Ligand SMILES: O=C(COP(=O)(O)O)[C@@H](O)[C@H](O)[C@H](O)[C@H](O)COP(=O)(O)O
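What follows is one chain in structure tokens, specifically the form predicted alone.
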Amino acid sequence: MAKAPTPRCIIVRHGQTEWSKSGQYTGLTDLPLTEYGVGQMKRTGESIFRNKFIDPNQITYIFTSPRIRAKKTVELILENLTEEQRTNIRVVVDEDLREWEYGDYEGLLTEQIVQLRKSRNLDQNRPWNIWRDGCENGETTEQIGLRLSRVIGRIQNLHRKHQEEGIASDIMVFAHGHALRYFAGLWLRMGEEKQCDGQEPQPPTYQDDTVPFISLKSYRHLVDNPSFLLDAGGIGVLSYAHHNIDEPALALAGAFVCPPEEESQHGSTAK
């Protein structure tokens, strides 16, 4: 019997909002999708399932940010599935997937942030780098790194369980521009490692008894730009090399996989 395909983590940035269009930093501000953004995600959902880039029957979980723009994107993507297919996918709203908390920089453009920091006599020796320096009265890179490391721990634990059970498992993650690029960097073990107490946040960041909380002994945080791009509505694919959950990898082919005619080193498929 052929093994189940290698598990994947499919990251989806929410569709266009007025601020993603203008380039304004949008953290906790709860903006809706634009009319274009709604159509954008409807077309995306139709395309990925019609062209079999993603098999809806292999989606086990969807994790989403609590922001309206992310949850609406989930809804629009799933519109293209049957009621039975939607019922078989558990949707978990996870506060840990919220966008970077920008603090004083909320709603500003990058050039405005640079000028604001200059007026406060910051960055005299080197330019501002959010991935290293974080945001005034917002989150540090260590804080966002810790919470995204928790999400990755939960997802990789589910993937390990599904792989042991022989279950095909695509887990989709719907969130935001900075958060998802940061997430991808951590998936690839970029940045620096720090020890942590492993204690669960109070209150918990999600409510789903089928998703075990993973107590982390350490977490990673970035110290520089991971140099990834992900436009509004964009999709990326993370997976594992050699069918091994301990070897997280970037799937350079994205969601598109040409059906192989023989077994691949990255996972087996039936002939």
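The numbering used is simple: start at 1 and walk along the sequence shown. Every value quoted in this text rests on a predicted model; they were computed, and no experiment measured them.
Missing here is the form predicted in complex with this ligand; even so, the following discussion is about that form.
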Should Thr110 be classed as touching this ligand in the predicted bound form when contacts are defined as heavy atoms within 4.5 Å?
-> yes
Within a 4.5 Å heavy atom cut-off, is Tyr102 in contact with this ligand in the predicted bound form?
-> yes
Heavy atoms within 4.5 Å of this ligand in the predicted bound form: does Gly23 have any?
-> yes
Looking in the predicted bound form, any heavy atom of Gly138 within 4.5 Å of this ligand?
-> no
Assess the spot marked by Arg147, Arg150 and Arg220: is this ligand within 4.5 Å of a heavy atom from every one of these residues in the predicted bound form?
-> no
Within 4.5 Å of this ligand in the predicted bound form, heavy atom basis, the matching stretch of 175-183, 154-162, 197-205, 83-91 is 175-183
For 63-90: residues with a non-hydrogen atom within 4.5 angstroms of this ligand in the predicted bound form?
-> Arg69
